[in-house]
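Okay, so we've got a single protein chain in two different forms coming up as C-alpha cells, structure 1 first and structure 2 after it.
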Structure 1
C-alpha cells in the first residue's frame, strides 16, 4: 500500500472522498430542502425593475438598518399578517453568477421591518418623499436622506416623475425635484415586498406571547380600539401628527370637509380602498383593506380624526361603520 508515498494516488483518493462526502452531506440535503420549501403558489418573481432596485437596496446598505423577517412573537405582528417561513425566501435566486443569494433578512431594526412594506405603504409618492428626505414625512426619523437619487430640473419632461417636496425641505434649491431611474427601481423593489398569503385551508404559525390579549380574555373584557394609536401607526406618516398633511403631497385632515362631513360612505370607502381623485395630491393606498381593519378599528380612527385638530364632527358607531363596510364591499365586488 503505497498510497501515502504516491502523491498522485493520494490526491485522487482524497478528491473522490471529498466529492462523495460533499454530495451526500451538502448537495443532496440542499436539493431536498429546496424541494420541501418551494415558493408559495401566489408568490411572484421580482420584475426586472424590482430586481435592479434590489441591487440598489444592497449597494446603499439598507440591510444594515432594516430586516425582512417576521418572527413568531406578537411584537412583530405590525410587520406582517403571519410569522415568516422558509417558503417566503424560496423564490430568491442568486444575485449574479459570481454573487451568492441575498436574502436580506437583516440582523437589527434601527428602522422597521420591510417584509410587508409593499402592502403597508404602497404609495409611490410617499416612498419617493421618504427617500428624498425622511424628515419630510416622519419628523423623528433618523434615516439618512438619499438626495443623490434625485435631480433638480427647471422644466421637467412629461415623462419625469416629479416629487412635490415641501418648501421647508428644499434647502434653498430652485426648480423641481425629479426622481432618477435608480430611485424608481428602488421603490419598485420596496413595493414588491409583500407577504404572500398561505393557500386556503393552511393555518399560519401563531404569534407567541400574547400577554395583553390573554389578560383581557381572562378578565372577560373586549379590547377597545385606540383611534390615536391606529392613526399614529397607519396615517400619521402622510397626514402628520397635527393633521395638516404636507402641501402638494398629502391632504390635510384638519378642517377637511370629508372628515367633518356627513358622507360616511365616502369616508369609509377612502379608508378601506384608498383614494385617487385629486391631481394635487399623491394616491392614497387602501389602508383599511391592506391592514384588515374591522369596524371597531375604522370607527376608532374616524372618531379620532373627527374630534382632533379643532374638528368637531359627530361621533360614529362601529354598527354604522359595519353597515357601510358591507355596502362598500358589495359595490367594489360588483364593479369588478
Structure 2
C-alpha cells in the first residue's frame, strides 16, 4: 500500500483522522455547551471583592485539593443540596487574556468540595483563623497555612480585622495578627460560593447510588443516626473535639446552659437556623437547614452533646424534636 511508503500521505491521513475526532469529541461539544447554557435566573455575578478573592484562590492553586462540583451521586450530598449542572458554570468566562476560564471543578478531593461552602461555613472569624493556620481549628487538618496573607501589628488600627489566634499557634510572635486585604477578598470569595436555587417548579437531578436507603428497605428497619459522626462532620470544626470551642471565636458546648438546659426550642432553633446573638463569638450558620437534617439526626447530635464532656442532661427523643422542628419552621416562615 502506498500509505506505508509515502510519508506525506501517512502523516496527513493520521493527523486529519485525529483532528476530526478532536473536533467531534472536544471542540464541537464545548462550543455547543457554552452556547446552550445560560446562568440560572437567581445567579448573581461575583462582587468585585469576591472576584479579586477568586484570583487569589486561583493563584494559590487551591484547586489542587478542593473540587467545586457536586456530582449526581449520593456520596457528594454533604457538599450541596442538589447535583451541579452546566448552567451553574455558565457565567464563568475567560479570566483574562493570559489566563484560561477557571471553572475550578478540580480532579482531587484531598480537602472537601467547596461548591456550597458559603452556606456551610459563612463565619469570617472561622475562615480567617483557618487560613492563618488550619490546625488552629481542625487539629488533624493537613491544609497549608497561608500565613503570608496576614501581617503582624503591635497596635492595629480600628479598621483592621484582628484574628484571635490561639497562643500555641503564635509561635513566639508578639503583637496582633491582622488580616491583609487579600485574605479578606479570599474569604469574600469563599462566602460567595453558594449553590444557586433552581427556579420554582424545576426539579433538581436525583442523587444516584443511594446505598443506605436500599439497605434500610431490605432490612425493614431504620438505621440509627450516629451522633458522634454527625458532630465530627458538622460541628467539630468550630466547637472542637473536646467541646470547649475556641476562646474569643467559638463558644464552648461543655457546660453550656443551652445544651444542658430544658429550653429545647432555642437549642433546636440554633442548630436548624444558626445563631448570631453574641458579639464576642463568630456567626453560626444554619447547619441543620443546609444539611437537610431530619429529626433523628438532630436528636442524635443533641444527645451526643448532652452526654459528652461531662455534660449530663437527660436524652431527647426524635418525636420531641420533630414537634419543635415543625414549630420552628412555622416561626421562620411567619417571620419572612
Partner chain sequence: MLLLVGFLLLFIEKTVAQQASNIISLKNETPIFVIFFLLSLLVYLVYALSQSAKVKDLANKQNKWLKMPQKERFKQYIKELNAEQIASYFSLKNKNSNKNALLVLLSLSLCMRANAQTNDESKNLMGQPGIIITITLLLIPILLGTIFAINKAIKAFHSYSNKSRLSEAEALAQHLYKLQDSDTEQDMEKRQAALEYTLSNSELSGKEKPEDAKGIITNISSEHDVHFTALKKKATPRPSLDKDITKLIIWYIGCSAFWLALGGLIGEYVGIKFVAPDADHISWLSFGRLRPVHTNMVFWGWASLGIIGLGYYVVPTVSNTKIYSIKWGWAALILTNAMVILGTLSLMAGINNGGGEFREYIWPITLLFAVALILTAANFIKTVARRTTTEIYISNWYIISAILFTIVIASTAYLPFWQNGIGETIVQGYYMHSGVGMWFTLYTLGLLYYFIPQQLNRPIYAYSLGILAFWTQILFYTIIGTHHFIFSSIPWWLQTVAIVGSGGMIIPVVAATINYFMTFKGQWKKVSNSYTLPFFFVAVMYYFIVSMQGTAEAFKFTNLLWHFTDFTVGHSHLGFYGIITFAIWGGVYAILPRLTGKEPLQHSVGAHFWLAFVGLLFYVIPISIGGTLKGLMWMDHKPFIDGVVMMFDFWLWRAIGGSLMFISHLVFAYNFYTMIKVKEEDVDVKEQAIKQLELITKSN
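For clarity, every value in this text was computed on a predicted model and none was experimentally measured. Rigid core: the largest C-alpha set superposing within 1.5 Å between the two forms. Numbering follows the first chain given and starts at 1.
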Two forms of the same chain here; which is the form predicted in complex with its partner chain? 2
Could you check whether the CA atom of residue 288 moves 2 Å or more between structures 1 and 2, using the rigid core for the fit? yes
Rigid core fitted, then: does residue 42 show a CA shift of 2 angstroms or greater between structures 1 and 2? no
Fitting the rigid core first, would the Cα of residue 264 be found 2 Å or more away between structures 1 and 2? yes
Core-aligned, what's the Cα displacement of residue 328 between structures 1 and 2 in Å? 4.0
Please report, in Å, how much the Cα atom of residue 30 moves between structures 1 and 2 when the rigid core is superposed. 6.4
